[in-house]
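In structure tokens, the next block holds one chain alone, the form predicted on its own.
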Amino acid sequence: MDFIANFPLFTIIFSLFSGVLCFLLKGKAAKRYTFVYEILLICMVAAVLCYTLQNGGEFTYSMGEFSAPWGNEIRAGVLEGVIALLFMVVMFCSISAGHRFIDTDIDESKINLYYAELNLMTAALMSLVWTNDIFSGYVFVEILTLTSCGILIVRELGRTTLAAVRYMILNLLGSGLFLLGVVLLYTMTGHLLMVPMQETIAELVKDPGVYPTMTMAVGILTIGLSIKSGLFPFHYWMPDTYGWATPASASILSSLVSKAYIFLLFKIYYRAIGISVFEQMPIRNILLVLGICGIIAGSVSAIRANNINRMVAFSSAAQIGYIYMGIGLGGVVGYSAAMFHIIVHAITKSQLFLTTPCLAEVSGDSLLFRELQGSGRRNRDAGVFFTISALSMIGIPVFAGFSSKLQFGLAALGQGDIKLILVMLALAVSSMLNAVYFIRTVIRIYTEDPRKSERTRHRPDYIIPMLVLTACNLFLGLFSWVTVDLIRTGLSMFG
């Protein structure tokens, strides 16, 4: 096997080592090391994606000498390569554009601890992408939960402590339910590796009497990861969690952490349960309904918010609803729409959370809408980047959000009349609601306020990563078929 086939494991081991190393380094050294190490990881996952495209599309890396059910495997395919590259690019851009706020929001003695947490989080993210073992998934879900709380509470505000406690309680509830689902599936199949588990389930479900127990196990597992990812009605932890974190943390938590949980759930449906078995369960229809409810509820809550960060956070809840709606629609078109929206939302939402604090800086450090008037004029860079992301979220053509909503519309065309009507209404209503709160915000930040005149420009370490995110947004909008084809190629190898 070519040396590149070792890279998925290296991304995990290297990230774990980097977390320990940054804990020992001083703050500035830990920051510089993390920048270099993140670039190296981007190169490694890009090499894995190219390798899978050129050499058969997938490979499995077995660790240790134990076979199923105790073995441990890493599986790399086209879809994993795409998601891993997305995670690393967004992680690097979030740290690069947000490091100035990290320096000001976090006590100098704890900056190295912050970067150590980020590196351990990267290990968990990479593990959830590559793992072919359902129990290893649970282990790194817990690591991701702990590091997420770590990068939130390290800011040491009263509200961040409260938000971290609430986030921890709900996430531990989700983790417990997820573990219970894993235990039930292991009890029924005797396997933890995804492929042997799927093969055993395919035999078990030939007995119709097994379906209720199997559905219960998958349902419990689904509820656990739905809580952790913020599906309606479990989304009310988002505003405080995202709103009070330092900008880099808010970007990473919203764009990457919630998506990692969804991607793991999707892998379990496809590779551990078997997609044909999953599609016969009522869970898919429930996810469709909850996804649509989340789209509307999140958008309505965003309209009612008086704080720009809370508005963007509630918008995240709505976008999570889109992803689950795509899973609920099912079929290759529905699943590819859901995966495509994971990419679109990660790119767009990270940019939004990295611009709002810059608008607040020139508005008396206030995130309240009434204080943000004219902030887009006073900070032109942040105003432009916020506007681009807002237009994408609304679904304006040329931007990524339009292509994403188009994919959901195409997925709905293959469904029955009721699902088609529900999805089309959800897309239309949510687009109008998105326009209400995003256009209102854009108008406000560009309406001149004669009381405030301070202006600011940003350094290249902020501009360059934001331009990268903007370029990704436009690429996904103008050339969406490239990414969709990659996703569908990955799905064809996923079963």
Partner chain sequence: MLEHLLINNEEAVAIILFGIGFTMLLFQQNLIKKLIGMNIMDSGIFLFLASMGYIEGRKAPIIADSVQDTAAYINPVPAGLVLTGIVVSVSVTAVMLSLSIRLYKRYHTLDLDEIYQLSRHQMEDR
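Numbering follows the first chain given and starts at 1. No experiment lies behind these values; they were computed from the predicted model shown.
Just so it is clear, the following notes concern the form predicted together with the partner chain, a form of the same protein that is not shown.
A.B. asks: Using a 4.5 Å cut on heavy atoms, which of A382, C93, M311, A360 is close to the partner chain in the model of the complex?
C.D. replies: The residue in contact is A360.
A.B. asks: Looking at A202, I303, L410, V139 here, can you tell me which has any non-hydrogen atom within 4.5 angstroms of the partner chain in the model of the complex?
C.D. replies: Flagged contact: V139.
A.B. asks: Tell me, please, which stretch of 122-130, 77-85, 387-395, 139-147 lies within 4.5 angstroms of the partner chain in the model of the complex when heavy atoms are compared?
C.D. replies: It is 139-147 that comes within 4.5 Å of the partner.
A.B. asks: Test of understanding: in the model of the complex, would D365 fall inside 4.5 Å of the partner chain by heavy atoms?
C.D. replies: Answer yes; at least one heavy atom of D365 falls within 4.5 Å of the partner chain in the model of the complex.
A.B. asks: Using the partner position in the model of the complex, report whether L425 sits within 4.5 Å of the partner chain, counting heavy atoms only.
C.D. replies: Output for L425 is no: heavy atoms all beyond 4.5 Å of the partner chain.
A.B. asks: For R370, is any heavy atom within 4.5 Å of the partner chain in the model of the complex, or not?
C.D. replies: Looking in the model of the complex, residue contacts with the partner chain do not include R370, since no heavy atom lies within 4.5 Å.
A.B. asks: With the partner left out of view, is L172 within 4.5 angstroms of the partner chain in the model of the complex by any non-hydrogen atom?
C.D. replies: Because a heavy atom of L172 falls inside 4.5 Å of the partner chain in the model of the complex, the answer is yes.
A.B. asks: Using a 4.5 Å cut-off on heavy atoms, which residues of 182-205 contact the partner chain in the model of the complex?
C.D. replies: Residues within 4.5 Å: V183, L184, Y186, T187, L192.
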